[in-house]
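Before any questions on how it binds or moves, here is one chain, the form predicted alone, in structure tokens.
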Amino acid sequence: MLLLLWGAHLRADNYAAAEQSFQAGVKAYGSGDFSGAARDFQESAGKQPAAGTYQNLGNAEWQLGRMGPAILAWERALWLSPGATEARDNLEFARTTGQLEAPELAWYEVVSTWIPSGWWAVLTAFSLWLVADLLALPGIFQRRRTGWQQSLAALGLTLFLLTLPAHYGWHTRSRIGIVLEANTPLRLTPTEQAQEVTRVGAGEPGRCERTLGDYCYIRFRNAAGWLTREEFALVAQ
């Protein structure tokens, strides 16, 4: 009981600190201090990740001319809230301006973007519980299954099966990230003195296929190579 109370108290403290940083960021942004606003919004998101905080962080980074961090922040806003239309509009504008491509998504990854990832977990648990109850309870109470029970069980099973590719899509999407700085060298090997394969621009999306120390092997549309964790950040934290 004491542990639960301590956990609730800690969450409340984090929320209060995040809200304080958020309000400081709003004030700094309103006064034109975009660097201070970005710092405050980043601090708030670190304590209490929220779509609105990342949306404002992206706006501040964009005002600073930092396309990579801005696109990353707006992508994180969409990760938390797929219905964040302002973040989606900002991403479209930024990519059109920078002549950048959006990440390529497989069909199951597209499905996973329909609702927040946590909702898929709730739907999986609910549909599985529904099917199990509708199939097991009539036998336990020694009653015949009615037509509506069988229909509802079939609906629950369909919903459960739909959540499986969404979970897989959520997992594979979690490897998508964004290049943070312009003209970043893509290395042939995970070493500082490695030969350059090519250079990639800020805001370019890629997939981290494997990691080695501080390096990630990133696959882009037309190239693949190694970047450091400071040069490439995953959208999913």
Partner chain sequence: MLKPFNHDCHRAALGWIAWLCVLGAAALRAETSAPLPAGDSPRDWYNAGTAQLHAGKLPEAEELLQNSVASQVAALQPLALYNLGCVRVAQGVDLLKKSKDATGRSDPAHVATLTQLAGEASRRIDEAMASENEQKMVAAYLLGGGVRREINAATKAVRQALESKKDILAKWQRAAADFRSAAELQAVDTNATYNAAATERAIAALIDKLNQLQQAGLKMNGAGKQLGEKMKQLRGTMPMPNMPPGVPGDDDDQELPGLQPGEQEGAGKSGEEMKISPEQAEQLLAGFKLSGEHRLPLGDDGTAKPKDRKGKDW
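Positions refer to the first chain, counted from 1. Note that the structure is predicted; figures quoted are calculated from it, not measured.
Another form, the form predicted together with the partner chain, is not on view; read the next lines as being about it.
Taking the partner from the other structure, the partner chain in the predicted complex has a heavy atom within 4.5 Å of a heavy atom of Y215. Using a 4.5 angstroms threshold between heavy atoms, P190 counts as touching the partner chain in the predicted complex. Shown alone here, N183 lies farther than 4.5 Å from the partner chain in the predicted complex, counting heavy atoms only. Contact check for W226: a non-hydrogen atom falls within 4.5 Å of the partner chain in the predicted complex.
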